[in-house]
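Have a look below at one chain only, the form predicted alone, in structure tokens format.
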Amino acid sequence: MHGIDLFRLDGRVALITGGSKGLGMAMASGLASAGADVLLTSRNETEVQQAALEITDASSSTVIGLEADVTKPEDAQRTVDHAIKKFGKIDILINNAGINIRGPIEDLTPEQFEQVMATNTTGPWLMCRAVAPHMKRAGYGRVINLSSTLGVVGLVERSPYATSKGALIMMTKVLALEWAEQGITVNAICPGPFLTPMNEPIADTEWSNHVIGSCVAMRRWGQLHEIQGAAIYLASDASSFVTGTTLLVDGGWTAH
């Protein structure tokens, strides 16, 4: 296999958490277009089933949805078991499910901090733990953790989110070292400001316009489809010698 064929995902199975909308759905669509079969999870049963139908209609892949909460160990295990039952294997895990609670630290509660950490950091840890035996047995795996530009640079009023995403980068490095000899790569994608449902409420505020204009070299929000290339690359054999790294898709934010 050479050149562009390295990016094909025919015969591969991907599990994507938080896949019913936003970047998760965009990555699922991208992987399906490259030939992968996909299992999507979301805490919203209706949304995840609708997303699976839409991606199926637009591709020749098998895409199924599953209601699950990644913060619960039993749901993480049930999700992996379901994927194995339906597809017989899991080649690719994308830990995308995430939340953001904004505000100055003195206005936030410990419960809010723990809520963000549970979804953004503990959830990926649980999913990696559940999928590890299957990938090790197969001698193959691609794990992609969705961190953030805010896991690399700071931004005011984002202490729970930035903390959780910085921790996810370190988790990526540790698991890359643990699993390197088993044929499993572990990498992180750090998106910059994308117009996701999470960001739409603040997209046209004076403060956000200032950040986009002063921090992002391209001076615009990222469009959802612009995450697909990074996801396909790290999920495919094209990235077979890449592990423990972070790929920034941030419009030049961290170039400053």
Ligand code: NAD
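Numbering starts at 1 and runs along the sequence shown. Computed from a predicted structure; not experimentally measured.
If you look for the form predicted in complex with ligand NAD, you will not find it shown, but the lines that follow are about it.
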Looking at 199, 228, 50, 62 here, can you tell me which has any non-hydrogen atom within 4.5 angstroms of ligand NAD in the predicted bound form?
199
Only one of 119, 79, 185, 172 gets a heavy atom within 4.5 Å of ligand NAD in the predicted bound form. Which one?
119
Given that the partner is absent here, does residue 69 sit within 4.5 Å of ligand NAD in the predicted bound form, heavy atoms only?
yes
Distance check, residue 130 to ligand NAD in the predicted bound form, heavy atom within 4.5 Å
no
Is there a non-hydrogen atom of residue 135 within 4.5 angstroms of a non-hydrogen atom of ligand NAD in the predicted bound form?
no
Does residue 83 reach ligand NAD in the predicted bound form, with heavy atoms at most 4.5 Å apart?
no
Sort through 136-144, 105-113, 92-100, 177-185 and report the only stretch with a non-hydrogen atom within 4.5 Å of ligand NAD in the predicted bound form.
92-100
Taking ligand NAD in the predicted bound form, which residues of 24-59 have any heavy atom within 4.5 Å of it?
24, 42, 43
